[in-house]
Every structure is written in structure tokens, then in C-alpha cells.
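Just one chain is shown here, as C-alpha cells, and it is the form predicted alone.
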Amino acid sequence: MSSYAPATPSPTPPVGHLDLVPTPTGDIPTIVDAARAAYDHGVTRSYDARIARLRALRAVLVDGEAELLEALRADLRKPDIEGWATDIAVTIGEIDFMMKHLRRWMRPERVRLPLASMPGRARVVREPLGVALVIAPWNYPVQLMIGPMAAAIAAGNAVVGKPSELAPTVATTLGTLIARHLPGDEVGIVQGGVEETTVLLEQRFDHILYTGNGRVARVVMEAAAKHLTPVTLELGGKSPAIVAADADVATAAKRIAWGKFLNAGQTCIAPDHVLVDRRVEAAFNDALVGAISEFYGVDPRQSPDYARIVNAGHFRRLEKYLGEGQVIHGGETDADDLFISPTVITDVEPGAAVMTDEIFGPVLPIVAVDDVEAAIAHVNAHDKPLALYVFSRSRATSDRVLAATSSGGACVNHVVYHVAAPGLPFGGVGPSGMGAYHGRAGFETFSHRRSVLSKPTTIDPPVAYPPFTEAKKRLIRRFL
């Protein structure tokens, strides 16, 4: 989730916070033109060039680790180990996976020809698209900027990145580090908010990958349509967690609590709400409250492992949800500190905003259902989510849920972990997004699959050419 609405500043900016210096709008076409020139000169296309740029992007994360962790703490109060694991380590792993497999991905793919096309050879060649634009959100501002840029570079493209203005310290730090390690013509960075993004989207790109919310995604698609530019949209939605009657309740509660309150709930694939079989509802709620207390203590405000809300606007939005159900745990807030404690609510009306909006914060509604079939019906009555989680000891139950629902991705007996597996495509479906990336999927997203057929000139059967005699017609009908 992201927004191009101007950020409402925190009442007391944290130590280390940097104000963003926007890119002059007059410079934006120049940055894009430089990327286009670099691509047109072919400097981004070879295997050696791609590997060199991926190594440089990796160095941004390794050499800049301390600066990036400090920036994450300044913008999001993100704990160091959480910032390292979710923004840096997972992205390094993604880049390493690309470098390991890139040579094989770049090889032409042989394709068998039908008899009518013989003699000849056919192959599919992956070629870069040109200049890619990556627009990143604020919640995982390093991972969701560097990961897609790495995929574009692996595919041989020049790339322009737009960090989120709502994480200004990270955006500034990333801009400095990228300029330090990579050539500015091949990898450009544009900083700023609405005005700068509007000008950026007026430029012609060959692919746009946007991570954020549906409202801004429509703006991106409208701008892309003017140039017939393909887009990949990584959006969000209300990702449900289903807890069946036969689930390991204690483990389900612990894992859901971890995934939900990671980054103070500001995660696009966080469990948005829990659909729990009412026969285990009480046990699950008790286990959930116990897990939250174990993770963050009796006063999460004092926990070094709990982040804060990104800005005052999002704080006010989330605070309204607290009155839409019975709070069974948490509910404490501090506007000056942008703090909302890990909160669990029950007895929520189906039409309440907390059940229709993407929460994107540390508020977790619990909804009791009669059984798994009722949970499936609930999921299918709403937009297809970015992620779906099912907890059950029964393979048949989990298979039933997966077969009867649709989501961008899914986990069985855990949450969130699928995003960290580079072999799995990451993307949404329907309102939760279109297209995918990570690993091979990212390489394919930023590549064109070019069909190439080659035929010899030494053999040229006359049957293919007019005039078509009866004998030729019989041969054509037989072999075509």
C-alpha cells in the first residue's frame, strides 16, 4: 500500500530523519532519456554487463547496510533485525538467486517444429524490453525498490527507480548509495511526490512495475496506456487466515501474530483478518493474546522489536478501526509517538470499515465461522486477495481451501514466508494485482520472448509455391 498524497509529518521527527529533496521536474526527462540512450547503445544487454550491475546492486545492500538500517529506523522505527531480515537479507538472497541462474535463463529455448515447417530451426530468445520504471512503496522501501530493479537489470534493461516519498530517509539514502555504486545513465533515480511522479509517468517506458494501492494503480495504468506500456501491479487487499477446527491452534496463533504485527502490520501480505472455526475460537484467541504478550511484553511501547506507524495520516486512519469491535487485547495509542499497540478485536459487523478496507496496520479482527466451507464462502464473496493462509492438520482440508479459492499466493500452516522464496512468483490476481516477479518470474516480466525461426536456402520444396496442381494440393492437405 502506498499513496501519492503528501505525507503528514510526525509531530517529532525521529533522530536521523532526513527531509527529501525532490528531483527538479525539468531534470526528469533528461534522466529517462539517459537511460534510453544507454539501452540503445547496448551497454546493458550482455551477460557480463548484467552480472556486473547485479553485483553493484548487491553492494548497495552490503556496503550500505548500516546506513539503510539507520534510515529504516528513522522513517519507520523499524527494529534492526527486522529491517535486516525483511529489507536487506531477503533482497540479497533474491539477487544471489538471479546471478546463479542468469546464464541459463538467457540461453535460447529450442522449440520443435511441425513437419510442415521442416527443414528449419526454431527458438525463443529472451530479449530486454528497454527502459523499465520501478515505483516503490514505503513499507518495505529497500526490498521493494531494489528487488524489482534487480529483475529489470537481470533481463538486460536500463531502469529508473522512484522511491516512496513517505519514507524520505530511506529514499535519500538509497539514492545516494545507488549513485555511488551504479552508472547514473543506466540506473537513474527520481525523488519526490505527486508532481515529480506525474512528470515521470508522462515519459515513455517499456515496462512499469508499481507496488502500492489500487487508487494510484489506476493512475499508473492510465498514464501507461498513453504509450501502450505494459504494467505489473503489486497491490494488496484483505488477505485472510483460515483456522480450521483441526488446526494446531497454538502454532497457528503464534505464526499469525508474528506475520500480522511484523512492521506494525504495515505489510501487504499480512493476515488482514482471521476466519476461525467457532469450535476453537476461544482457544485460538487465548493463544493469540499469549503470543502477542510473549513477543512484545506487557507494554509493547517499550519493546525494541515493535515498529511504528509511518505518519500521522495513517495513524488517524487506523485509530478509527479500534472502535469497530470489542477489543480483547491492545487498543493503546499515542499520537505523538505514532504508536498503536498490537490489537485484536472481535464481534465486528460485516459491513464495518475494518472488514471492507485494507487495514494495513496492527489491528486484527477475529471472525468466527461455522466451518471451513463457511470460511471459503466468506473469501469468495470478496475480492481475490494477495495472499491466503490456511491452518489445518489435514491435507484434505488445506487442499480443499486452495482448490475452492483464488489468491495471488498462499501458505499452508504459516504466513508471509512464500514471499521469501525466489523460486516462487510473487504477484496478485484481480484487484490484488496483475503480473508477478521474483526469481525467474521477474526475469520473464522484464523480458520479451522473441520467436525466431530459421530455414536453410539449400532446400526449397516447390510444393509450397503456386501454381497449385492437384498433386500439390494433396501433399499440402496430407502434411499441413
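Note that the structure is predicted; figures quoted are calculated from it, not measured. Note that residue numbering begins at 1 and tracks the sequence as displayed.
A second form of this protein, the form predicted together with a small molecule, is not displayed here; the remarks below concern that form.
> Going by heavy atom distances of 4.5 angstroms or less, which of Val401, Leu235, Leu318, Ala74 would be at the interface with the small molecule in the predicted complex?
When the small molecule is considered in the predicted complex, the option within 4.5 Å is Leu235.
> Using a 4.5 Å heavy atom cut-off, which residue among Asn213, Ser303, Thr346, Thr176 comes into contact with the small molecule in the predicted complex?
Looking at Asn213, Ser303, Thr346, Thr176 one by one, just Asn213 meets the 4.5 Å heavy-atom criterion.
> Is Tyr39 part of the interface with the small molecule in the predicted complex - any heavy atom within 4.5 Å?
Although the small molecule is absent here, Tyr39 would stay clear of it in the predicted complex, with no heavy atoms inside 4.5 Å.
> In the predicted complex, is there a heavy atom of the small molecule that lies within 4.5 Å of any heavy atom of Pro183, even though the partner is absent here?
Pro183: no, not in contact with the small molecule in the predicted complex.
> Are any of the heavy atoms in Asp206 no more than 4.5 Å from a heavy atom of the small molecule in the predicted complex?
Contact check for Asp206: no, nothing within 4.5 Å of the small molecule in the predicted complex.
> Mark Glu358 yes when one of its heavy atoms lies within 4.5 Å of a heavy atom of the small molecule in the predicted complex, and no otherwise.
So Glu358 counts as contacting the small molecule.
> Just one stretch in 404 to 412, 121 to 129, 76 to 84, 162 to 170 has heavy atoms within 4.5 Å of the small molecule in the predicted complex, so which one is it?
Correct option: 162 to 170.
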